[in-house]
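The chain below stands alone and is given in structure tokens; this is the form predicted on its own.
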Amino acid sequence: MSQQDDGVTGGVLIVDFGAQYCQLIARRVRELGVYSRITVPERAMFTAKHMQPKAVILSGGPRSVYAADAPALDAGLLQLGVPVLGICYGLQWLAQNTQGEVTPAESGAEYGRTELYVEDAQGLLAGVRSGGIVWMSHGDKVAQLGPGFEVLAKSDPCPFAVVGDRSRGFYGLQFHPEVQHSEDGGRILQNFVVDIAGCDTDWNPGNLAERKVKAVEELCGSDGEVVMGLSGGVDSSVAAVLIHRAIGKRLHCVFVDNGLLRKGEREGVEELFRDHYKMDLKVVDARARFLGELAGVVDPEQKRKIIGRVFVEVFEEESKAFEKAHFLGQGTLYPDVIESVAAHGGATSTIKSHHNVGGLPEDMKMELVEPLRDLFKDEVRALGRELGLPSSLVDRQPFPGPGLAVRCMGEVALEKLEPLREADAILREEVESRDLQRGLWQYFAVYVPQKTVGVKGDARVYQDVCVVRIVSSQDAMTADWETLPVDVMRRVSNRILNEVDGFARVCLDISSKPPGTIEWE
């Protein structure tokens, strides 16, 4: 199920050359209402034959087209008769395979903002301002175009910033239109996908419910049983309701209290899923087990691996009570995959391991059921609404699989988790009681074990730091820091310092992603 075929044809096929933002290209295309699917170069022709795309986008990538380990893509892709757009490395591959020439950039690698000067404001660049900002990130450059190509736009460092062969529908960009820094990047993608390729704009993730339910039915068969890891977050909740609709009582939900939960999390899950949805729900108290395994561990990656391993061990132990439970349900999403391993086996660099994918042992005895693996967070929310889940659950902020462990710097210990839990609850209460969560992606507290001087009750104290993290985002691939009204921030700080024992100072994290990440670990 983790590599299941979504069954959708048409749309845009994206070939992943190893770009860190390949998923962002897919996200931007879907925002246009057009279905997109990512594949690796080695499977591009096979996937194209099955998918029958109306357009192909070639992503950027970290390698040189002349490198020995350069991704191998069958040039037959250019014979499909559909428009092709090459981005950065994708442009260089396109030039190399259409009798052009690619050389190392004379001034070395070029990164960052540059102005785009439009030479031909038609077709691909219709409505694109001349002098607008685009985002460059490349080490090689196109030195000569092949027959049929012409220059559509230039920049100071790049004479072939945008090129095109209209007769064949081949286009190339030396910059990244998918990132927010490229001011008219969305317009360029729309021009290519909708106007040039003529893709249908009827993609709606909310309409996937029936197809997803059918896929789970087919995978599990008439008697297969699923043990579902239910955390109460958006992803696992939507996945659980979807699987439950497909196989009913053959879904056995297991809620693991790992001691890393937010305040009231366990009680809320029991009330909603056991009492309201009438699911088979077993609560496992594994707090001592998790905290014991994490004792003395400070490395973030090791924390994640340990939590993932113990999580799976608990499930394997619980599944012994169900002889037919050969499946493990998870709420893995697209961004989880791209940040942990290359999507669909591609060459993207690993950023961090996610709980849903990083801790799974190679000899795991259960087959994965991951019906949300091809969706972004907002698409999961839309699917959840289609399934009838309450907005209080569908619109709640994401919570990481490793829980508070990645918000507790250094060793994870009970004496740090309790004040962290209380501080986080105060922040959430102040935000949600005023309905300030609209437009925010996440808002949470972080425990930083750095002693700092304070004064409480006319006495000197030497306690740790609580950091407040508030961000806005569309899909967690990029994020901007946010704040709250001054009076609310003042109240949050006062309450944490007065009601929670352990903190002498409250700070606000004003880091965007990139270069930072949303979570601290």
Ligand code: XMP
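Just so it is clear, the model here is predicted, and its values are computed rather than measured. Numbers follow the displayed sequence, beginning with 1.
Below: the form predicted together with the ligand, not depicted.
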Original post:
Looking at the partner-bound form in the predicted complex, is residue 441 within 4.5 Å of the ligand by any heavy atom?
Top reply: yes
Original post:
So in the predicted complex, does any heavy atom of residue 468 sit within 4.5 Å of the ligand?
Top reply: no
Original post:
So in the predicted complex, does residue 476 come within 4.5 Å of the ligand, heavy atom to heavy atom?
Top reply: yes
Original post:
Taking heavy atoms and a 4.5 Å cut-off, does residue 419 contact the ligand in the predicted complex?
Top reply: no
Subject >> Candidate stretches 378-386, 426-434, 401-409, 83-91, one within 4.5 Å of the ligand in the predicted complex by heavy atom >> reply: 401-409
**OP:** Would you kindly say which of 176, 262, 304, 141 lies with a heavy atom within 4.5 Å of the ligand in the predicted complex?
**Re:** 304
Original post:
Heavy atom within 4.5 Å of the ligand in the predicted complex: which residues of 505-521 qualify?
Top reply: 513, 517, 518, 519
